[in-house]
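Given as structure tokens, the chain that follows is alone and in the form predicted alone.
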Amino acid sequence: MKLCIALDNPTKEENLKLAKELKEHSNDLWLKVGFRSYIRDGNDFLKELKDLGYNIFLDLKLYDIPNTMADAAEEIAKLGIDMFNIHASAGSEAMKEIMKRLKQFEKRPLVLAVTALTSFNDEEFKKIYGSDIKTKAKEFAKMAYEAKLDGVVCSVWESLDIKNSTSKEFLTLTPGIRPFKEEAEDQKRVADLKEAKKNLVDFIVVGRPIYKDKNPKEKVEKILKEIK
């Protein structure tokens, strides 16, 4: 299981400070760059993080018509990042087109499909997708697996079921992790480290419990010790 830290601080300077503070653990960590940071700080910021030795997960959740998504995926691959994501609900054709387009790269980034955002509860999700989260997440995951993606983004509570329905090697990345049962805040389907381990999660994403901690480095070291 790998720890991926969400760089969701309000400024580039705060994010870089955190990345530099944790540099000695860069081989064991991934950094997640989302909408806010990427729109504000751009590709130069990604390069600065790569120069520090980190693996980068670009969390933009692509969703558009197949050709447009494939165009975007190709440009993302040229950035040299290590992983990015799309919405599974964009459909099989879009997923297949992306993977076809990425074949040209000798070393391509991992591609994950978002099943159900961890901010959803079952009632809210059903209003939009017409199904409960567990059922639809597994359906989306099977679509992604058949389209040859590397894995999915899901909550801890869907991870094991998805792996049993696809392959143990099919990656699951889970946001909403509260390592030591910290406050859930705006996340609905949260879990701690023990629950993530039990459900065979490959990547855990942790944001606020780390960057809002008085001693982020100490918190990261505590998490790394637990997941090794």
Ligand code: C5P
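Since this is a predicted model, take the numbers as computed values, not measurements. The term rigid core refers to the most C-alpha atoms you can superpose between the two forms while keeping them within 1.5 Å. Residues carry their position along the shown sequence, with the first being 1.
This protein has a second form, the form predicted in complex with the ligand, left out of what is shown; the following refers to that one.
Heavy atoms within 4.5 Å of the ligand in the predicted complex map, among the stretches 23-31, 161-169, 45-53, 198-206, onto 198-206 alone. The ligand in the predicted complex is approached by D8, whose closest heavy atom lies within 4.5 angstroms of it. A147 falls outside the set of residues with a heavy atom inside 4.5 Å of the ligand in the predicted complex.
Taking non-hydrogen atoms only, L79 never approaches the ligand to within 4.5 angstroms in the predicted complex.
The shortest heavy atom separation between L117 and the ligand in the predicted complex is within 4.5 Å. After superposition on the rigid core, the Cα of S119 moves by 2 Å or more between this form and the one not shown.
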